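Look below for two forms of one protein chain, each set out as structure tokens: first structure 1, then structure 2.
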Structure 1
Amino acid sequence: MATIEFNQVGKSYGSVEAIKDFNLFIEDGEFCVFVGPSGCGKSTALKMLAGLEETTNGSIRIGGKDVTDLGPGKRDIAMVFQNYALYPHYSVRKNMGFGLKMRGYPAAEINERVEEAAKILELTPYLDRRPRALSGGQRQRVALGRAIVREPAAFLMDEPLSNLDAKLRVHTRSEIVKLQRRLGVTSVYVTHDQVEALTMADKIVVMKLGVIQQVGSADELFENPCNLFVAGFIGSPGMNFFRGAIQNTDGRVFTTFGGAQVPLPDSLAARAGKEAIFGIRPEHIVMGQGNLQTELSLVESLGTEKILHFQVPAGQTIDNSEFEMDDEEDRDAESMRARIIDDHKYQNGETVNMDFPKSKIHVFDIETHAAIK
């Protein structure tokens, strides 16, 4: 087990800066997840930590030791890849023990470590099978087992669940978390799936265009995003946004949404008259009460919950470029969503009342996109 430290690390490919001033400290035994849209630099940061990519500047330390110029084999790390990387002609036993064999470990010790890892991962019945006789989830556990037997200072995982179907992905991510808690090994995990990040991590690092946007726990990122990008990226469905002016009339601080008043925190009184971007999460919208009225454009029923779609009032949408997402982000700037659990049978075209609780409104600077407290 070990701490991990990035100190002003940068990575450039010619004139393109893939990573900029990357500073991060990961505690001993912590499960840290790098998350962000495609091209944000998360895999590049992991590869530099693994020694698979050289740093352009800065330093990396593992367990207090500077490993910036060391090769992968000298960093005391074990890596789990997206594609399993198993030898098809070897049994599970041989696949798990291969790395130890190459390092000259005695056969008895290799067998002991493999047996123990197989027990932890519930792979004992499959030790003499070859990978083609296993399911995708079992193959991923074999890849994890190969890392476990190394007893490294840190586990590095690069989107290890991407090849699994949705149901198996949910099951396997919970198994990885339980395994990491049991072993207590410092782990760094890369994913583009913010749901994986929120459900697995002790510490989440949100990245965009090679720059760390915010570091914190799932609760911190969900409740107190530092800017518009983090607010829109974290959460499923994502946060709703609309544009408006902060107003202060007779001591009441508010903005308007479609002509109706939305109360705002008193701390914004000094900003009266200024434009801002307002956000509220779908699960925080209260239906059936309040003075805000809208017509539902689409009702999605998910069994126990419903996603209600309605339009942002004319003139209050924000430009899609302000979300600062990548091309894969499917966000409609003119539509908002409410996430509801109740017994009402909502219908497309229905007119409903709703309320935006003052304590759940997020406010962002219209120029810098930084959160306003």
Structure 2
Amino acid sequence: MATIEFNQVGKSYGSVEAIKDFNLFIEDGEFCVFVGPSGCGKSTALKMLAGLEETTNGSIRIGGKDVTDLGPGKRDIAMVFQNYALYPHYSVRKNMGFGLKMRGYPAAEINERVEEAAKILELTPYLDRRPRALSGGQRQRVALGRAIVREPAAFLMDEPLSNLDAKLRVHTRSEIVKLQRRLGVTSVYVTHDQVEALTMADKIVVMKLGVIQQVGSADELFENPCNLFVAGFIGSPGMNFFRGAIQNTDGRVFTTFGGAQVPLPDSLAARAGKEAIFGIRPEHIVMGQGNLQTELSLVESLGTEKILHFQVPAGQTIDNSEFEMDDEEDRDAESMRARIIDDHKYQNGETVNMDFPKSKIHVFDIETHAAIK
């Protein structure tokens, strides 16, 4: 078990900077998740930590020891890969014991440890099979087993669930968390899926274009995103955004949404007259009350919960380029969504009243996209 420390770590490929000023401290036993869209540098950061990629500058410490110049085998870490990276020609038993064999452990001890890990992961009946005779979920467990038999200082996992189907992914997700809690080993987990990040992590590191955007717990990131990117990336469905001017009339600070006033915190009074981007999470929109009126363009019913779609008023949309979501999931910037659990039967085309609670509105600078407190 160990702490992990990145100090001013950078990585360049020629003139392209893949990672910039990466500073991070991970506590002993913590489950840390690197999350971000593809190409954000999260896997590169993990590979640098593993010693599979060279750092261009900065230093990395594991358990207080500077490992920047050590090879992967000498960093006392174990890694789980996206495609499992099992040795196809070896049995499950040999796959799991490989790391111990390379380190010269006696055969009896290797066997004992492998049997023990197999018991934890319910792999005992498959120990003498080859990986190809296993299902995806079982292969994933073998990869985990290969990591835990070593009893390393840290587990590194590179999108280990992305090759599993949706149901198995949810199941394995909780299995990994339980296993990590039980073993108490510091873990670094890379994913592009913010749901995985929110559900698994003690600490989430949101990255974009090689730069850390925000570090915090799931609640911190959800409630206090530090910029527009984090606000839009964390949460499903994502936060709704609209632009508008901050106004101050007779001490009342507000903006408008389709002509109606949306009260804002008094702390924004000083910015009166300036444009800003406003964000509200679908969960926080209150339906059936308030002075905002809108027509529902689409009602999606998921049984108990409903997702209501409606248009952003003309002139108040923000475009995708401004939003900087280079993402696979293209945002529909012209529509907003509300997530509602109530008994009302909503209809497409219905006009409804709604309210954006003052305390739930996020405000972002229109230039820097940083959150305004």
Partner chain sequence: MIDFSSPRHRHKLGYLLVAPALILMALIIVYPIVMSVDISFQDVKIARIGVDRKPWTFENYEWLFTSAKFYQSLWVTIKLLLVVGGAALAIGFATALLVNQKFKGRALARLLVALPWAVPEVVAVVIWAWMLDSSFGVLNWVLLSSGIVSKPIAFASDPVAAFASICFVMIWKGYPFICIMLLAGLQSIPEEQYQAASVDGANVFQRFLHVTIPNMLPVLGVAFIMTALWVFRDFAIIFVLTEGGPIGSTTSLAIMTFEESFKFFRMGQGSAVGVITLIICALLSRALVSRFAKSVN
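Values in this document were obtained by computation on a predicted structure and should not be read as measured data. Each form is matched to the other, and the largest set of C-alpha atoms that superpose within 1.5 Å is called the rigid core. Structure 1 provides the reference sequence; residues are numbered from 1 along it.
Each of the two structures shows the same chain on its own, and it is structure 2 that derives from the form predicted together with its partner chain. Core-superposed comparison between the two structures: the CA of F242 stays below a 2 Å shift. K74 shows a C-alpha shift below 2 Å between the two structures [criterion: core-superposed Cα displacement of 2 Å]. Core-superposed comparison between the two structures: the Cα of P131 travels 2 Å or more.
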